[in-house]
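The form predicted on its own is given below as one chain in structure tokens.
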């Protein structure tokens, strides 16, 4: 019998989503003779049964497009705003999965999507995921599609900021996305020749950063570029975060309900908090060095536009590998990039885990050898 496959994109948009949709769709349709249907706006579209037919016409010409033709949302199946309330809509999603006679559901997304897909697997659905995020922080995969494109955009931004920093003898602090992992800031900082790179995995001392900038000025370089991941924390902030996490863990262990986490903002609130931190860092560096400091926040520029060739290839590879797994009835897995191939990794081994930058990673070691300061 012909298999019916559903596909959706969840979480933030990312370059390469359309290439992945195309890879899954064309392989399912043309190579395996399956039927495929899209669901609009992530898990909400599946809950509301808003479908988008996908055939050769819809899949044609989307390889180079940014964003996602299916739309996306951050709605979670078990905690979805409906009619002014937040409800568990998992049963509605399961019902629509069966109403559409689906044999499998392909979910394209980042860390949150892996957790949501696992919940659906535990409800008995055949689920396969693909790792998407510009942050490159999904556990179990060499890389995620979207990362290479964002890396190129952030690097180009740093390249352009060098001329302004040099001309005006300024410190320019450029905020790069990555609130849990510093892969993007680290990679762009190295490729763009940033003088300081601050990432969440290495708590920084602002005086150490200022000392490095003062040393540059004494050495005849009265300008500097500081690449900072939005989630980078000073040692004091990191200590407060660890204390809050311990308090939360202790309350859970004691069977008490922990208070809401104010130290980990979400949505629009997160952008405001991160921007305030970055502006505060710039003011501190200005006071400690005597140099003018300016802030550039790249924001959503990093997620938009045409995907790079590398991301198109990666998304196509993983998308077609997902079709192969469906043909073999292998479900409950994420299609991970492994070298030039792909590997099925159990969702239980991925969900709830974050791929952070090891402090002794080769990228960090190489940056240190060329004189990059990490604030530690």
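Since the structure is predicted, the reported quantities are computational estimates derived from the model, not experimental observations. Positions refer to the first chain, counted from 1.
There is also a form predicted in complex with a small molecule; it is not shown, and the following applies to it.
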* Structure fact -> Heavy atom within 4.5 Å of the small molecule in the predicted bound form, from candidates 121, 76, 303, 216, belongs to 303
* Structure fact -> Partner-free chain; cross-checking the small molecule in the predicted bound form, the single residue of 103, 286, 271, 142 with a heavy atom within 4.5 Å is 271
* Asked: Out of 113-121, 94-102, 175-183, 157-165, where are the residues with a heavy atom within 4.5 Å of the small molecule in the predicted bound form?
  -> 175-183
* Is residue 129 a contact residue for the small molecule in the predicted bound form, using a 4.5 Å heavy atom cut-off? -> no
* Answer for residue 224 alone: is it within 4.5 Å of the small molecule in the predicted bound form, judged on heavy atom distances? => no
* Spell out, yes or no, whether the shortest heavy atom distance between residue 230 and the small molecule in the predicted bound form is within 4.5 Å. => yes
* Please run the contact check for residue 134 against the small molecule in the predicted bound form: heavy atoms, 4.5 angstroms, yes or no? => yes
